[in-house]
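Coming up, as C-alpha cells: structure 1 and structure 2, two forms of one and the same protein chain.
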Structure 1
C-alpha cells in the first residue's frame, strides 16, 4: 500500500478514530498556542527580547561608569567589584571571555532594568540554581526587567560556547 500507487478513488474525508484524533490534536494545539499570549499578559516570566543597538566598546564604558557610581565593595578572591544598583533603577552586566562583571547586589522584591551585553563573543546568561537562561550578543543591549523573589547567592554560568575557557566563566548575583 504505502509503496504502491493508491486506487483511483483514494480521496475520502477522515472518519472514525482518525477524525476523532485529528480533532483532539487540533484542540490541544490551539490550547498550547493560547497559553503563550495568556502568559504574556498574566504570567510573571516572559522573554520579551527588549534590546537596543550598542557598540561593544560603548557598553563596556557604561558598565564601568555604573560600577564606579554604585560600587560597595570588592570580591577579595577575584577582585571583581561588588555593585549595588538603586532599587527600581538600571543595572549593568558585562560578559566577556571569560568573566561576568560586576557582581550585582540586589534586593528581594525590587525591580531592576538589567542591561546585559558582551564585549566580544556570544555568551549565555544562565542564573543558577534558579535555572533562568538568556542569550547575550555583542552589539545588543539586552534588557531584562527583573524582580528577584528569593534571597541568597546566585551563580551566573556561561552556557553559550565562547572558546577554551568557556566552562570557567562564572559570575555572581547576591540578593538580600
Structure 2
C-alpha cells in the first residue's frame, strides 16, 4: 500500500443541504459562545472570583488564628470546632485530607467573605443542597462573597476525588 496524493480537484465546495447544515452549526456555535459570558454574569451560579496566592502553611495558620478567635463550640461527634465569624466579616474554611474545618456558624441575611483553600491537594467544595461548586487548590486563597438567605444546616462535600478518605470529607455550615 502506498500513500497517494488526492487528485487536484478532490475538494468540492458545500452545496445544497450541506451549506444549510454548516450555516446552522455556525450560528449555533456563535449562540453558545455568546451564552458563556452572559450566563457567567447573569446566571448567578459562578463566582466572579477573587483569588490570591498564599502559601498553604500560611493559610493553615490564618485558619487556626480565625478559629481560636471566633470559636463558640465543638461538634461532639467529630471534634471539629464550631466558629462564628462577626457578621459582615471574613470567614475561613480549610480543606485537607479528609475534612473541612472549621464548622461555620453564620447569620441569615449577613454578608461574609468566605476564604477557602486547601492544605494539601485539590479538593472540590460543593455546598448541598445549593448548587454551589468550586475547585479548591493549595496555594490559592479563593474568596467567595456569601449572603445566606435561608436558615438550616448545609453540608459541604468534596466533589473532587482526593484519595482513599474522599467519601468521608464532609463539612458543615450552620445558618441561624
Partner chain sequence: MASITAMSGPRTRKCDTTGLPVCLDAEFFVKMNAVSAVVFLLLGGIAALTLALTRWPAVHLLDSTWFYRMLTFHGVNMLIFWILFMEMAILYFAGTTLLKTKLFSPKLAWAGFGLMISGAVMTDYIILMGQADVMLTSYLPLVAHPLFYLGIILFAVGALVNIFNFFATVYVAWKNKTYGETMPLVAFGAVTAAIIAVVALLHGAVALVPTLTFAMGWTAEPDPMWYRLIWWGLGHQSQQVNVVAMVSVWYLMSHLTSGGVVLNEFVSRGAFVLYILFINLASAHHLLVDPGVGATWKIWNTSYAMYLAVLASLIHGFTVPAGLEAGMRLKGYTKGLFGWLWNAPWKNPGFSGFFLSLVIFGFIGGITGVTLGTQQINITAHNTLRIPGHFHATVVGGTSLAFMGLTYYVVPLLFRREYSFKWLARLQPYVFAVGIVLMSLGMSFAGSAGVARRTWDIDAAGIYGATSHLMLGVLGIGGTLAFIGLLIYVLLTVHAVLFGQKNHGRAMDDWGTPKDIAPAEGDTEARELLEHGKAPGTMVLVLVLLACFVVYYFANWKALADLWHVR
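If you superpose the two forms and keep the largest set of C-alpha atoms that fall within 1.5 Å, you have the rigid core. Fair warning: this is a prediction, and the values are worked out from it, not measured in the lab. Numbering follows the first chain given and starts at 1.
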Item to check | Number of the structure representing the form predicted in complex with its partner chain | outcome: 1
Item to check | Core-aligned CA displacement of residue 68 at least 2 Å between structure 1 and structure 2 | outcome: no
Item to check | Yes/no, residue 14 Cα shift of 2 Å or more between structure 1 and structure 2 with rigid core fixed | outcome: yes
Item to check | residue 23 C-alpha moves between structure 1 and structure 2 by 2 Å or more, core aligned | outcome: yes
